[in-house]
Each structure stands twice: as structure tokens, then as C-alpha cells.
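Form predicted alone, single chain, as C-alpha cells, below.
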Amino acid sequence: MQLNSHNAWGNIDLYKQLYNDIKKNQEAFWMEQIKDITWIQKPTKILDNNTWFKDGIASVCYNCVDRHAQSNQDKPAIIWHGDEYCERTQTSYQDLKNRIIQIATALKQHDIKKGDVVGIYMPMLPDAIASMLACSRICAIHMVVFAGFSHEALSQRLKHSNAKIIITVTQQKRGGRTINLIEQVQKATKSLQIPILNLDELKTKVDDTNDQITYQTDQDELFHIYTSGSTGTPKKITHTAIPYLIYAATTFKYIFDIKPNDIYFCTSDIGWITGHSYITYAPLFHGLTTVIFSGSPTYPEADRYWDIIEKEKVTIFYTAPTAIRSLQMFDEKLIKQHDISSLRILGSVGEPLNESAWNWMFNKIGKQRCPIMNTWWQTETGGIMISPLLNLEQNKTRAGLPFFGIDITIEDQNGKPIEEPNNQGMLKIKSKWPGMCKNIQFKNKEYSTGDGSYYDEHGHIKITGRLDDVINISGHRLGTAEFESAINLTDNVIESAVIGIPHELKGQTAFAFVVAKQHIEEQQTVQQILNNTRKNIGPIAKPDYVLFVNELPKNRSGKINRKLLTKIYKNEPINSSDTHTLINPDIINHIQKKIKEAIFCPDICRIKANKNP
């Protein structure tokens, strides 16, 4: 069997055979995948002393842009949609190359050299992607900071990464509001005294004659990115250029079954790892057209995604469960008024995709004909690790299988493998892979992901969420994601977030923040929530309190900030460092005002003033 069989992600028997073959000889599989790259010097060894492609030399930027500009210069590389329906631009591969050279030239004029860190603080614009690739062109290390972060958060990351310069633009528009970015950057850099490169003012001429690509080796760093740390302090993750690119591109090729003429739309932001791997590097590596969106999915109307899919004839749509859940609450006619029949594959990334959201996505968006690639991976992994197969019947399990070469185990608290179905444990990875970050922690020859999971009756892996998001009720450890999935099965419930609160008898109990459709009967809905948690988890797993709120606090990647909900419950002070990552900071005041209206579930009655939750 060929180790690069492209249709292996759609056939369970072919997948199993290929997976087992690759497990015995992982290096042979990756030797096949590196044929997709244009090399200056092709590696002779795949894995040597924990180093991938040790003697290989190539250029990330050349592989993502230049070679496509040479072969098909007028093909759209990036299609951008802005805050209003009428805002649209199209950037060809040749246009993108020219802009990259212009930005790279400006960076070199600021004496940026190989190994220097370049901060990028920009909205979702073609120039943001061009800035990342301009850094890679001269072998500088880019460090993208989500443009919704406060100047304090930006300053912290610039200082910690020792950035030499920051790239930005004057402003961004989102949801009908104009946000002054340059002012935020000026505040962030005031004490750091690093130069600001405002691309709105960039006048450097494009001069191909002086353009020189700095080629990268296996150990050259491509980017730093900051993710949530266990201590609350952002944690720096570093990915090396060539191994990361190969892994992101390979997973993209197989899992999304890409075709040369695919129009690909991912709704993430370049401030997050998804925006790096599956908006910028993997799609451009394969010469696809990638669609980006800098507006709000609900402004001016809640049909922006469907409008873009119709206009661009999008074939692959990759989004977050939170986005899907938020759009469920709107009238279905917003979907029906658009022709989205061009779609052939859907994708989900972020938090676990609950059953209600999966069904809505499958039926309303995919019209029961598009498989949903419900992917699991992390900032640390660099690319997708677990995904369902493209086979529509296999796909309906809402669980996934490990990617080729990824050796996964589920273990209990004592490190003993769990093989029987429906028994949750810790998800661990036993093998190494090209996309793993430079500073990943392998202990006892394994990487502990921190996520809970179990095997379903088909032997597929189901992710339940972070194990540090656990509530210990009478000695029973229950994941908040498991609670939320059960609650979200309730009619008229859009989404929920569950936190653990103290209980004098049980140790802890569950407090549920619930977003529901308008004009519901609250006590009846609470009874349905209790029934669903009992049915789907067990009698022990019912929330003692339910609070109906308009929204949940989320960052731009769609993750719910449960730590902030815990602080609100405890009536602890909320400061800017708690809210600067939120897309909707105004919701905090709303939840704080409503907290005493929580419904006490054992008696299904309103909490009196003397019975605070």
C-alpha cells in the first residue's frame, strides 16, 4: 500500500491498514509527505535524536507563495470580507508576493535580521497574513497578538518575547465600531521603546532585484504564540519552521480532502493557532484560495457566514462550536435565503462540539450531505491530532480517530490504559510528530494533554474537555464539558457554562450559566435541564443552580472564560487583566447584576435574599 494514499481518510478499512503500517514505520510515511515541498536541500533522515528533517533546507514563504505565483500568478490567494456586506478585496498570489517583499524590505530597513522577533498586532486583513510571511521570508520570528487584546496584554507579550519591532495598522472595524489600534500600540510600546511599522503608511517600493529569501533549516524558529498557562500567566509556545509546516500541510491535505479548486473559509483569527496553521500556512502551501473575514458574524445581520459562502462558492467551512451555538438562536430563514450548496465539507475546532450543535450544523448547514470534521488539537501540537473520517456514516459518531503516526492512549489516574468503552481518562500521546512545539513537555516518553476522553462503542475517541475543568461532587469527578453537553440537549437552550461551587455536604456542586432562546418558561426549562443531566450523566450530576443570562464571556477563539464566571459568583473584583481577552466585556456587568436571580434547582424555586447561591 502507498503510504500517501489520499483517500485513506474516507474509508475505515483503508484507514486502519494504513494507520497500522505507518505505526510500524512512521519515517516512511513522512518521507512520502516531504515530496510536496520544494527543497533547496532535501533531508536524508526523517527523525534523528528528536530532530525532524535534520539536514533539510527550504523556505516556508517560497513554498506558500512564490512557487504558486510562478505557476498561477493570477489565482486568488486571499479573499477578504470586511465589516459591511459591500467590503471585499481579492489578492492574487502575485499580489501577495509583492506585498510580502515590500514588508520584508521595510523590516530589513529597520535592521531586522534572522532570529529577531517581530510583533504583529492586526485585525483579519490580507496584510496580516503578508506580515507573517514577510517574517518567514527573512527568517525573522513572528509573534502575533490578537488585536482584541488590551495594550497591557500586548506590552506583556512584546516584552516577554523580546520583540524588536511591531507591525500594525491604524484602525479596525468590527460590528459597526471603529477601534483605534495605533493608539493601543503606542501605549503598549511607550516603555519598551521599540519601533512601530504602520502598514497604512508603508511607501517602500517593491524591488524584486534586491529581494533575497533567507532559507530555513529544521531548527529555525518560525513563530512564537502565547496561550493560556496553568498559572494564569500567558505561556509562550514556539514552533520550528519546516517540521511545523509539513505537519500542518499534511493534516490539512488528508483530513479536509483538499482539491486544487477548493475555496476554503476558516472563521478563526490569526491571533490564535488555528489562524496560523489552517488560515495561513496549510491552505497557502497547497495553493488554495483562503477566505478571511474581519467582521462580526451577526453584523449587520446574523447571516454573514452564509452570505460569504454563497458569494465565494465556499467548499470547505471550518468554524468553532461557539459560533455555531450562537447562530442557532437566529431564525432559520437567514440560512435559507442563501445558496450554500457549494459546501462539501464542514469543520469544527475549539471546545467539544455538543450534540445539539452537531445536529444543527449537519442538518441546517450541511443539509445532511457534508461530513463534519470535528477536530481535536492544541496550540502545542501545531496541527490536528484527532478527527472523524470523511465517510458520512463513520462521521456521525461525533468522535474521531488519531492522525497517521499519532499513537494515542487513554489512561486512568494511576497511568493504567483504559480500553473499555465509555470510561473516561486522561488523553496522552505516546509518539512524536513533526508539528510538536519546541518546548513541549514529554515526561516518561509521553505527552499529557490535560484533556479528558474515552473510547465510544466503535473504538473512536471522544473528547470531554479539560480535566482541570472538573467538579468533584461527593467524590465523583465530573468534567464541566460533560455537564454542558447534557444541558445543551435541552429544547430552547443555546449554550451553557458550568462551574463548581462549594457545598457543605457534597464538597462541590454545579452552578450552570445558561443562554436560552427568548420568552422561555424558565422553571419548565430548568426541569428539562435536570432531566437531561440525570439521563445523560446520572442522578449525581445535576446543577444545584441555574442562572439564565444573555451571553457567556468568551474570547475571540470562542472559548468560554469559566474562571471569570467563578470570580463573578464569588463576588471577587474584576479588573482589566480579567477581561482584556474577551470579545464581549460588557456582558460581565449583566451577569453580575443577575447572579442573585439564580434558580435553586432542588426545589425549583427562586432563591430568596437569605439563600444566596
Ligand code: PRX
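Just so we're on the same page, rigid core means the largest C-alpha set that superposes within 1.5 Å between forms. Numbers follow the displayed sequence, beginning with 1. Quick caveat, the model's predicted, so the values are computed rather than measured.
Keep in mind that the form predicted together with the named molecule is not shown, yet the notes after this line are about it.
Not displayed here, the named molecule is approached by Arg466 to within 4.5 Å at the level of heavy atoms in the predicted complex.
Asn439 falls outside the set of residues with a heavy atom inside 4.5 Å of the named molecule in the predicted complex. Residue contact check for Trp80: none of its heavy atoms lie within 4.5 Å of the named molecule in the predicted complex. The closest non-hydrogen atom of Pro283 lies beyond 4.5 Å of the named molecule in the predicted complex. Only one segment in the set 346-354, 126-134, 215-223, 107-115 has any non-hydrogen atom within 4.5 angstroms of the named molecule in the predicted complex, and it is 346-354. Though the named molecule is absent from this view, in the predicted complex it lies within 4.5 Å of a heavy atom of just one residue from Ser453, Ser496, Thr250, Asn374, which is Asn374.
Checking Thr227, Gln171, Asn162, Gln523 against the named molecule in the predicted complex, a heavy atom within 4.5 Å turns up for just one residue: Thr227. Heavy atoms of no residue among Met122, Asn180 and Glu310 are located within 4.5 Å of the named molecule in the predicted complex.
In the core-superposed comparison between this form and the one not shown, Gln508 has its Cα shifted by at least 2 Å.
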